[in-house]
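Here's a solo chain for you in C-alpha cells, the form predicted alone.
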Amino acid sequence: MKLEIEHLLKILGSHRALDSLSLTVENTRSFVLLGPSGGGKSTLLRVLAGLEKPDSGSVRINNVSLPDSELGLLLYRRKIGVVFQGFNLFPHLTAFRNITLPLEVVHGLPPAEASEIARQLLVRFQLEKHAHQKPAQLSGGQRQRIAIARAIAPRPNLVLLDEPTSALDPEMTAEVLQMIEELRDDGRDIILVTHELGFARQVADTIALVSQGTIAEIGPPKLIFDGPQSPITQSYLAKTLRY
C-alpha cells in the first residue's frame, strides 16, 4: 500500500479535527494509527473510508486520488472494507445473512455465490455454529468477528478498522486481534486505529501518532516505541505504557 495525504483539513463545528495533516506511507501492508482520544484518528479513518469529505487537502491511495463526487465515493466504498467499534450488524438478520445480503444487494453477486463465500468465511474463522444466530444471541467478540468477515467478504483492496476491540473484554479482544493478524498475514492491506499498543507493535509495518489533528510522529514500530523523537509521542507512550 502507498498512502499520500497532503494538508488534509476537516472542521467539525468549531474544532479542527484534522489540521493540515500530511503523511506519506509506502510499501506498507499494515498501517496503525495511535494517539490520544479526540486527536483525529477516527476522523482520518472516516475520510479514508470515503465517509467524510475533507474541507481541503488531498488523499491518494496506491497513486489514485480519493474521489470528489458522490457517485465516485459510492463506487470507491464498494472496494474497501470498514469495521467500526460498534459492530454495525443488522440486528434482525442472522450472522450468515449479515454477510450474504451486502454481497447480493451492493455487489450484485448471485445468492448461491454469496452463500458460498459466507460459508467459507464462517468456517475459516470458526464461526459456522453461529451462522443462524442473530447479533443479540452472540458475544461481543463473535459480533465483531462477523463484522470483520462481512467487511472482507467482497475481497476489498483495503480494510479499515476503527477501534475494533474497544468494547470487548480481554478474552474477546484476543479473538478479534487474532483474526486481524490473520488478515495481515494473508497479505491484505490494513489501516487500524487502536489503543492496543502491544498488538500495534506486533502487527504494524508503520505506525503514526496522531494528536491535535496532525501527525506527531511516523515510522516503524521499533522507532516509535524504542526511540520516539516527538515530545508528544514520548508523553503519550509514557502515560499509556506506565501500567
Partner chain sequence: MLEPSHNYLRKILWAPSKGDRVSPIATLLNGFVVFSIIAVALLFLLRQSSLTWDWQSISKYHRLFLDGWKATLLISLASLLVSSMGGLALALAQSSAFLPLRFLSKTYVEIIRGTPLLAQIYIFFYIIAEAARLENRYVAGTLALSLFSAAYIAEIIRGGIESIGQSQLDSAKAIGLTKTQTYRHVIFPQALRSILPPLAGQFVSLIKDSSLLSIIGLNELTQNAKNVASYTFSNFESYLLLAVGYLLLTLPISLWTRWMEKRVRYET
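Quick caveat: nothing in here was measured; it's all calculated off a predicted structure. Residue numbers count along the first chain shown, from 1.
The next section is about a form of this same protein that is not shown, the form predicted in complex with the partner chain.
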124-132, 89-97, 168-176, 111-119: which one contacts the partner chain in the predicted complex at 4.5 Å, heavy atom to heavy atom?
-> 89-97
Within a 4.5 Å heavy atom cut-off, is residue 158 in contact with the partner chain in the predicted complex?
-> no
The partner chain contact in the predicted complex: residue 153, any heavy atom under 4.5 Å | no
Should residue 138 be classed as touching the partner chain in the predicted complex when contacts are defined as heavy atoms within 4.5 Å?
-> no
Check whether residue 46 has any heavy atom within 4.5 Å of a heavy atom of the partner chain in the predicted complex, and answer yes or no.
-> yes
Looking in the predicted complex, is the partner chain within 4.5 angstroms of a heavy atom from every one of 74, 82 and 106?
-> yes
When the partner chain is considered in the predicted complex, the residues of 1-15 having a heavy atom within 4.5 Å of it are none
